[in-house]
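Only one chain comes next, encoded as C-alpha cells, the form predicted on its own.
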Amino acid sequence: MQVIYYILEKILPFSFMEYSFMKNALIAVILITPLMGMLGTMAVNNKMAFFSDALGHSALTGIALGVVLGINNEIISMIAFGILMALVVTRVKSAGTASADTVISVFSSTAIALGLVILSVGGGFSKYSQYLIGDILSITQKEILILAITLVVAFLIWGFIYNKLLLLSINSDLAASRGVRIVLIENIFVVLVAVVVMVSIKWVGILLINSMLILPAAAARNISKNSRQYLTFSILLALFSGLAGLIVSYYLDTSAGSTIVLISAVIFFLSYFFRRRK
C-alpha cells in the first residue's frame, strides 16, 4: 500500500495527500466509480434505475437479518440478502403478473420497512444511520482490498456477459434466437449489481448509491454514438465525478458522496443540453 501512496503523492502533489484517510478515500473512488459507470450502462439500457435504488434500500434489511441471525460481518449479510432480493424481484417481474415498477416498489418498501423495524428495536438504529449517507473517508486498507477484489471479479464477469447483455437490451427475442440464455444472463447481471451495491453501500450511502450508478451512464448515453463509446464515456465520467467530488468536498468541507453526486448531476445536465443542441 505504501507504494500506491507514493505514486499518488507524485501524481497529485496537493495538500490533502498528506492524510492517510484521503489517500484511502482516493483509492476507493478509483475502484468504486469504474464499477458504477460500467454497470450503470446496462441499468439505464434496461430501465433498471428503480431496481438499483430498491437494492440500496434493502441494505438495511440485510444488516437487520444479520443482527437477528448473529452474523457479525455486515457486508456478508447485506450481500446475501441483496442477492436473494435481486433474484426474487427478477423472477416475479418476469412472471408478468404486475408491472415492473410496481413489483420493485412493493419489494423495496417492504424491505426497508422491515429493516427499520428490526434495527429500531430498543432505539438501536442510530449506530446504523451512517449507512444512509455513507462515509468514504472512513474506509480502511482491508476494505479497499475487498473493493479491489470486487472490481477484478466484476470486470471478468462483465467481459463474459457484456455482448449477451447488450443484445438482450436491444431485443430479447433476437437474443434468444442467437442462443443467449436470457434468464441466466439476467440473473448474473442482477447478482453482480447486488454485490457491487452492497459492497459499496457503507461508503457511498443508501441515499446516494443509485445516483452514482445511474447519472454517469445517463450522461454518457447523451453524448455517445455507439455502445463502445457509451461504456467508455460512462466509466470515464464516473471516475472524473468521483475524483473531482472527493477533492472539492475536501476544500469545501462537505459530504464527499453528496458532492460526487452533484458533480455527476451537473455533467448530466450539460450532456443533456449538448444533445438538445445537436
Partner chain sequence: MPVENGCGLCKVKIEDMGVVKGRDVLLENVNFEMHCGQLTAIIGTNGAGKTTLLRSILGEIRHEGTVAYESHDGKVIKNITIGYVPQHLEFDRFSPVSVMDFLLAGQSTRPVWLKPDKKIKERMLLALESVGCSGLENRMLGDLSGGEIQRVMLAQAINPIPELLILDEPVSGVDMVGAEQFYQQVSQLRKDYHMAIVMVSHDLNLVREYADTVLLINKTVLKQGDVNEVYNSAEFRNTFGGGI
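Positions refer to the first chain, counted from 1. Computed from a predicted structure; not experimentally measured.
Heads up, the form predicted together with the partner chain isn't pictured, but that's what we're talking about next.
Participant: Check S138 for me: does it contact the partner chain in the predicted complex (non-hydrogen atoms, 4.5 angstroms)?
Facilitator: No, S138 is distant from the partner.
Participant: So in the predicted complex, does any heavy atom of Y230 sit within 4.5 Å of the partner chain?
Facilitator: Judged by the heavy-atom cut-off of 4.5 Å, Y230 is in contact with the partner chain in the predicted complex.
Participant: Quick one: does L167 come within 4.5 Å of the partner chain in the predicted complex, counting heavy atoms only?
Facilitator: Flag for L167 set to yes.
Participant: Is Q130 close enough to touch the partner chain in the predicted complex, meaning at least one heavy atom pair within 4.5 Å?
Facilitator: Residue-level check for Q130: no, no contact with the partner chain.
Participant: So which stretch, 222 to 230, 207 to 215, 65 to 73, 50 to 58, is the one near the partner chain in the predicted complex (non-hydrogen atoms, 4.5 Å)?
Facilitator: That would be stretch 222 to 230.
Participant: Counting heavy atoms only and using a 4.5 Å cut-off, do V3, E9 and F21 all touch the partner chain in the predicted complex?
Facilitator: No: no residue has a heavy atom within 4.5 Å of the partner.
Participant: Just to make sure I understand: among 174 to 188, which residues lie within 4.5 Å of the partner chain in the predicted complex, judging by heavy atoms?
Facilitator: L174, A176, S177, R178, I182 sit within 4.5 Å of the partner.
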